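One chain is shown next in structure tokens, namely the form predicted alone.
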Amino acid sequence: MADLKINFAGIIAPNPFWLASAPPTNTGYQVMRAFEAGWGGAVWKTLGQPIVNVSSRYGALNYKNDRMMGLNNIELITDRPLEVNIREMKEVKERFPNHALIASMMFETKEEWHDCIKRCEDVGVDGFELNFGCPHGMCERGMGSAVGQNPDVCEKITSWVMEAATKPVIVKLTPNITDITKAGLAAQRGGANAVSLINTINSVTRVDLETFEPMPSVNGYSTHGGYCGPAVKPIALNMVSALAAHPDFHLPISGIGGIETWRDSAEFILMGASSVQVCTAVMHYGFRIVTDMITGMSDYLDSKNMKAIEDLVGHTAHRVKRWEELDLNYKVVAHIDPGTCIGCQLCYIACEDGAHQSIALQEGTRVPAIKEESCVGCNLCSLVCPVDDCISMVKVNTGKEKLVWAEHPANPHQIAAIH
């Protein structure tokens, strides 16, 4: 059986499944319940100066029968006194010494950072996470994503923390930035031991069409909030892979964003993360989801003849290339299995109206036919098909050698070279 124990930047945990800094880690009661359920680590809800929060804090994007495909929040960091949080962290570490407990924090001055670091180390936390990602409320005070969006400030504050911290330091990065690698490299220059990403994305989830109020409504008004949940997973995977594949970036990554299952976790780990953090799924389904995550990941590693999480890390990151590096002579076409086709003809409508008019209807049958000569292999038909594996994309041997954009005759640089 695979060993799920990890050493993340010097932080030891029984498995890679951690709770992200969020409402599920707001109290010692919650974190201890999580550890009892099987979570390997928890990042405490962000500590800071006394904060007040609004009432009506969450909004959600539902899609058809799926609730909370995306979750928006306008909640700020912990509104509980620092003394209470630190006392409860001490209690958690005393009861669960072998689980990873990370103190998330956010302050303005070097003195405040240093003071909280010392107080947290005194109660035995295993590491720190610097919240440089909160996209609302705190950024308007010069903290959160206001730091993460400015590489120079990110580097500077990270270096402040490294002056005082003797435990590993993780910098949590904001996705509300053009190039995530600039922030990651800034954290690395500042001396951080690791990074985590992504934090939440700026968003407004919906508008009430009867009252005209943006949601969540606070006495008729709202503000942009932080977006998370399954809907953000593709964005998070892209940013994790960008950092993991960067030739100058060498820090461990804790992956965050839309993780619900062991499969989601495995994708993040393949993209370069060596631990994962979960929030929305726990807010939706509770702490017990970790049981299936542990069993599923262990079985998956066994199926791949891998002995530990570290054996899985990063196998996919190098496969995410720039568009111009892709083979232009690689070709696939769609194939419909008539034995499993239910004749809904959704593939025909999608291709006819939304793609390349490469599927035809046939007399005497409801099973459509692929026009291979015009099929460009866009995958749309296989994506809309409601039957698993009914439509597959089959590789076609074009007889042509690999060709990338830099060598293509239509490339302006090639044309200039010819002339």
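As the structure is a prediction and not an experimental result, all values here were calculated from the model. Sequential numbering from 1, following the sequence displayed.
The protein also exists as the form predicted together with a small molecule; that form is not presented, and the subsequent description refers to it.
- Proximity to the small molecule in the predicted complex, taken as a non-hydrogen atom within 4.5 angstroms, holds for one residue of V232, V125, I180, V313, which is V232.
- Of the candidates L185, L301, I77, I157, I77 is the one whose heavy atoms come within 4.5 Å of the small molecule in the predicted complex; the others do not.
- A residue is said to contact a partner when one of its heavy atoms sits within 4.5 Å of a partner heavy atom; E129 meets this definition for the small molecule in the predicted complex.
- A residue is said to contact a partner when one of its heavy atoms sits within 4.5 Å of a partner heavy atom; M283 meets this definition for the small molecule in the predicted complex.
- When contacts are judged by a 4.5 Å heavy atom cut-off, P23 counts as touching the small molecule in the predicted complex.
- Among heavy atoms of G258, some come within 4.5 Å of the small molecule in the predicted complex.
- Contact with the small molecule in the predicted complex, judged as any non-hydrogen atom within 4.5 angstroms, is confined among 107-115, 210-218, 192-200, 242-250 to 192-200.
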